[in-house]
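Take a look at this single chain, the form predicted on its own, given in structure tokens.
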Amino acid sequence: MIDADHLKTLGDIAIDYGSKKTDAIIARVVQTKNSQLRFSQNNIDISKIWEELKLELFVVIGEKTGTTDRPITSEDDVKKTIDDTVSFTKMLPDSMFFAGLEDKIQSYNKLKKQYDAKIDTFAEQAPELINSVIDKTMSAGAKRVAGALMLKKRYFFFRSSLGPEGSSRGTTFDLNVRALQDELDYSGQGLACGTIPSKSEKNMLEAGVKAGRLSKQAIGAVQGTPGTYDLILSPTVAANVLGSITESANPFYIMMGVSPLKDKMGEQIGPEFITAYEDSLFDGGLNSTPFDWEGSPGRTTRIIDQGILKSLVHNTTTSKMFDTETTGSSQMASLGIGMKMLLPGISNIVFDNGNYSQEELFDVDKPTIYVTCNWYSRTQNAQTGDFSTIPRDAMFLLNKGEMKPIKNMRISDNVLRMFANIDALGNDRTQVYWWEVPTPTVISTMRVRDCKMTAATQ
């Protein structure tokens, strides 16, 4: 049971106690309830529920900054966490990447479609639904089904010693279904995610049907021929490969030399029908939030406008460095093992929907490869955007009206060049989230001209 008053009490204690020991402090008290169902070989094999209560801190002491993230149960835990964080921060060198925090008290938007009051009841009934998903997947052609369903309920209270304060609650779900035949090469994937699981049963069942159908269609896949092809990227693949362009619009990445967008501001980097946002207010977005980590109001920021790079995302520090305004995009970002910094970051990536049906996208006049899923994306050169990724599940060669399954290919190209070569955008916009797409991305199927495909064994 989430007790909002208790979380606020712990947060107030953290600020009242920590303000005496720091120049500035932000405290977030976060309570979550998680439910997970995992299944393999056509049966549920793991079902677990766990709860967490933790304190997240950001502290400023002179020119030094420190962070922590620790489970707590009491007022004494809160004070000890602050004492430990303060002691450790004093031993650190001065921060080279900090120029201030949000200090204005502002009102926040009330988000829609972010909380499912029926999630606990849904979690109790979820095993029955997952069994139905498995049945649907097998009926669509799979012989073996595996995957996982994760449900999360979260409430948190935050307060800054500089004034901002707020609270938020939300629920999310994500389902990953993998369908397989006796031969491992013949596999398919179906995904579903959102914030209202009790109204998403149809989407979850459809994810199973899709995975099973793709697995069956992949039977008999042959080695693909390396070369240059037009590609049709499902939303799952488009989110991973081309959604990354929006995440690269980050001043920290640019300063660190790991973004291909360094000198691209104001340039046409994509076709005019492509517009994309960082949108922390998106209805139903998995990471939607009324305010960022510092307490700046969340907002919708147009990153790419009709193909032109228009904006970067900013927190207070980078907005001062770049002589602009924060975009309400401050996040506590992990950098390596145990290291965290307060940096600008993307909450939800949102692309405008397109106009093409799947039939129109598939109506091609030269050999074209349809990629439904990809794994193992690797960056060869972060400054230029060179990368490679392996289509893992069902993949098809479209040629002369036929669709033949192929396998063992690798996309080896440049993300900026591919983005510029987007040829058509589907009208099937959907939210994508899984381990290859850790930032929720709302995107459509994309057709991209002249992409380089190599053999996966090369």
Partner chain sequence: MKPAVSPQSLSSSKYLDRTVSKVKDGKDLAEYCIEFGEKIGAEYVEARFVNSSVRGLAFRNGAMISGGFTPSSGIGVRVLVDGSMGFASFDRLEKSIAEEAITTASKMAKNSKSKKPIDLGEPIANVAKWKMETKEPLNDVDIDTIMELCTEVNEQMKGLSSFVFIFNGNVIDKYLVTNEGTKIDSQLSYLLMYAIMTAQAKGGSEQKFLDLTLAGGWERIRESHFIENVKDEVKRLKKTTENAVKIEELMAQPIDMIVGPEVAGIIVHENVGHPSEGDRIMGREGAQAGESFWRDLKIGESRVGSDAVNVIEDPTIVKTSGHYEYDDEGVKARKRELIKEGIIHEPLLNREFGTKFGTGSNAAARATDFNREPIIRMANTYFEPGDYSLEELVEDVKLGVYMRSFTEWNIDDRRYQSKYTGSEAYLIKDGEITDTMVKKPVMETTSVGMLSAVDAVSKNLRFDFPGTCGKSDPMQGIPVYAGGGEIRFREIRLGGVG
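C-alpha atoms forming the largest set that superposes within 1.5 Å between two forms make up the rigid core. Residue numbers count along the first chain shown, from 1. Bear in mind that the values here come from a model prediction, so they are computed numbers and not experimental data.
As for the form predicted in complex with its partner chain, it is not shown, yet the points below apply to it.
I'd like to know if S198 sits close to its partner chain in the predicted bound form, meaning any non-hydrogen atom pair within 4.5 angstroms. Flag for S198 set to no.
So in the predicted bound form, does any heavy atom of R178 sit within 4.5 Å of its partner chain? Contact check for R178: yes, within 4.5 Å of its partner chain in the predicted bound form.
Residue-level question: is D84 within 4.5 Å of its partner chain in the predicted bound form, judged on heavy atoms? Answer yes; at least one heavy atom of D84 falls within 4.5 Å of its partner chain in the predicted bound form.
My question is simply whether R410 lines the interface with its partner chain in the predicted bound form - judged by any non-hydrogen atom within 4.5 Å. R410: yes, in contact with its partner chain in the predicted bound form.
Can you tell me which of 289-297, 140-148, 110-118, 309-317 lies within 4.5 Å of its partner chain in the predicted bound form, counting heavy atoms only? Comparing against its partner chain in the predicted bound form, the contact stretch is 140-148.
R378, K202, K366, K104: which sits within 4.5 Å of its partner chain in the predicted bound form by any heavy atom? Contact with its partner chain in the predicted bound form is made by R378 alone.
Tell me, which of I219, M265, V222, L92 has a heavy atom within 4.5 angstroms of its partner chain in the predicted bound form? Contact with its partner chain in the predicted bound form is made by L92 alone.
Just to make sure I understand: among 335-370, which residues lie within 4.5 Å of its partner chain in the predicted bound form, judging by heavy atoms? Contacting residues: L335, G336, I337, G338, M339, K340, M341.
If the two forms are fitted on the core, does K400 show a Cα displacement reaching 2 angstroms between the shown form and the other one? Superposed on the core, K400 moves its C-alpha less than 2 Å between the shown form and the other one.
Relative to the superposed rigid core, does the CA atom of A420 travel 2 Å or more between the shown form and the other one? Comparing forms between the shown form and the other one, the A420 CA shifts below 2 Å.
Look at I49 and decide if its Cα position differs by 2 Å or more between the shown form and the other one after superposing on the rigid core. The answer is yes; the displacement is at least 2 Å.
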